[in-house]
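A single chain comes next, written as C-alpha cells; it is the form predicted on its own.
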C-alpha cells in the first residue's frame, strides 16, 4: 500500500518566505519548509496496481500554466482545539480549474469522489492538542502576509510516509502544465 496525494509544490523562494512565519506558537508541530505545498487532492492509501491507474489518469490532465499568490494566515479547528494553521491563496480561477481536472481524472481512475469543499492553502502547523492562547495574536500579526506571485508550471503526485517526527513526502510523478516550457504573458513579471 502507498499513501498518495496530488499537490503543487512551492518554489524555494516562496518556501523561504513562508518558513519565516514558523515560530511563536506552542503545542503545534511546524511543517518543514521542503514539505510546503498546495494540496489539490488527498487520495489516501492505494495498492500498487491502483497507483498505475492514477498515474495514467493524471498524465492526460491538460490545463494551462498560471500564477498564484499567497495571502493571509488563518486556522482550521474549533473551540476544542486548532487542527492546523495555514497560509491562504489569493483567488485564482485557474487553480480551481486544475483542481477540477485532477478530480475528474481521479474519479475516472476509480478513486472515490472528494466530499470536502476545496479550500486551497499551505499548512504551517498541525496539532491534536488544545491550541495556543496566542493563536489569535499570531493570525492578526500575520494577516497581511503575502508572497508571490509565482508561476505554477506543474503538479505532482506525492507519496507520504508517516513517522513520529512528521510526514516524509516523496514526489512520485511530475505532470507539466501547458505553456510551461515557454514564456507567455501570464508568466511574465508584472
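Everything numeric here is computed off the predicted structure, so don't read it as measured data. Positions refer to the first chain, counted from 1.
The same protein also exists as the form predicted together with a small molecule; that form is not shown, yet it is the one meant from here on.
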Which of 141-149, 61-69, 22-30, 117-125 lies within 4.5 Å of the small molecule in the predicted complex, heavy atoms considered? The stretch 117-125
**Message:** At 4.5 Å between heavy atoms, is residue 39 in contact with the small molecule in the predicted complex?
**Reply:** yes
Quiz prompt | residue 169 within 4.5 Å of the small molecule in the predicted complex, heavy atoms | solution = yes
